[in-house]
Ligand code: F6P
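Form predicted alone, single chain, as structure tokens, below.
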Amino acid sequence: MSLTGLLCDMPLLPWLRRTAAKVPLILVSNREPFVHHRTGDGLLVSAPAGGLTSALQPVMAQSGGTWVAWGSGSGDFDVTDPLDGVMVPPDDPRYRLRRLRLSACDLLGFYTETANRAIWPLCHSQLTRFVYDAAHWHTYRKVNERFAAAAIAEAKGRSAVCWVQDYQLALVPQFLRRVKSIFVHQFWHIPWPSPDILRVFPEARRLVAGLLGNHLLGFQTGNDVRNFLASVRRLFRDAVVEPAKGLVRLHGRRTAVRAFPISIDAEAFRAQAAHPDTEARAAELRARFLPGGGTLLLGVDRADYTKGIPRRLLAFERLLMDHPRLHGKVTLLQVAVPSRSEVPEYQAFEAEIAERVEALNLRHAQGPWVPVYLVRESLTQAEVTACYRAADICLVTPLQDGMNLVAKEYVASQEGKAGVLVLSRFAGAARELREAELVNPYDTGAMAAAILKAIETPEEERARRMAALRRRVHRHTIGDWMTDIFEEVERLRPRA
């Protein structure tokens, strides 16, 4: 189905139906939904892979608003108007994409250093990977101010709703809040740390002050909300914090803080999984990775140190060492999509994964059987869904994660199957997917035992638990997530 067809098939969100024609929606995100590249054959336009941009597309297409983002493509500004805007999608223009021009210096300080070497590890409690530099923080602030200025320009002095996305843009709300006609809300997709971890960051007070520029601030889980409110209390003695109401009052401003657990388009994954081409590809994958039959384990992750891949490999090797009878009968397919390769820690981490897999295979491979297959490239959604259908067990074992949609995607793709989800207790999804086999990813022995239990669980029990998980995933979808957020926006906006 074409992108345009998908957009047309999405149900219209009630908030958009009631409000968007009168109050424009301006979405502010580091990432853009379409990228123009220069090639030898002219300009090529592509839609970057990623669940977030795909999930936000229907909202923007239905609202006819504006998406403000960094123009990352080599040909991005070949197609923009004098105000750096272009109508998208290319095949059926529905909304405006306003692109920001960021220099290499901007990207280094704003994105690589502050967002991904300071805020990201801090929020995932990986303090040994935390790197801070005051000059880079200054760049982060200036770039955030430019994102805010672009959004204000797009509002054109009208009443508007501005939806800011994630940790790269934590300071945008405080700049937007200066314009009284703009309602500001933000969704923070990653975990929020405890106050004791947050205090490591020299700019913690300024970071929190930036987020308190929001009228509405959304997190993945109730635990994130509690941590944020505790952080406000610790950093701002004059703040009035009401945990029961999820409310902060500071310097004459109110910020409502809520949990909105993100989800997926469960029906789209179910339909893709049921397609004959998907089933055929799943059978091919099983024949390739399990030539003698057996159990296929699957990991699908970005090559990020928070995803727990090295500990997963240790647990899998522990399983093979403790249970030699499984040799030749169980294989792990690990998809590790390259991520943030410009960041030194990520370069080293990708190399570490490859070295660990090679060493494990050298120790345990026998004849045609290879214990671990490592895929180090991005896969299409159709190919990932085929992997979900092929796998008997999916290992989702991050050290910490805001939600982790791979867990939900696997469940939604298991229609008619009896797969087992092994899930980290420290993923936000664990709060919803309680029928999964929950594990502590730091305890590799217990993780190995959980994998063995998943292998040996009777099919009837596996089918019962997977059916319960599917009901949960279909009960709360990406559409429900957006509806919950925008209904809260509508409730709060008259009081803003």
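Start at 1 with the first residue shown and count on from there. If you're wondering where the values come from, they're calculated on a predicted model, not measured in any experiment.
The discussion below concerns the form predicted together with 6-O-phosphono-beta-D-fructofuranose (F6P), not included here.
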query: 6-O-phosphono-beta-D-fructofuranose (F6P) in the predicted complex: contacting segment from 150-158, 166-174, 373-381, 309-317, heavy atom within 4.5 Å; finding: 166-174
query: Candidate from His323, Arg141, Arg206, Arg340 lying within 4.5 Å of 6-O-phosphono-beta-D-fructofuranose (F6P) in the predicted complex - any heavy atom; finding: Arg340
query: Candidate from Ala266, Leu297, Ile190, Leu216 lying within 4.5 Å of 6-O-phosphono-beta-D-fructofuranose (F6P) in the predicted complex - any heavy atom; finding: Ile190
query: All of Arg31, Leu52 and Asn116 within 4.5 Å of 6-O-phosphono-beta-D-fructofuranose (F6P) in the predicted complex, heavy atom check; finding: yes
query: 6-O-phosphono-beta-D-fructofuranose (F6P) contact in the predicted complex: Trp120, any heavy atom under 4.5 Å; finding: yes
query: Tyr111 within 4.5 Å of 6-O-phosphono-beta-D-fructofuranose (F6P) in the predicted complex, heavy atoms; finding: yes
query: Exercise: Arg302 in contact with 6-O-phosphono-beta-D-fructofuranose (F6P) in the predicted complex, heavy atom 4.5 Å; finding: yes
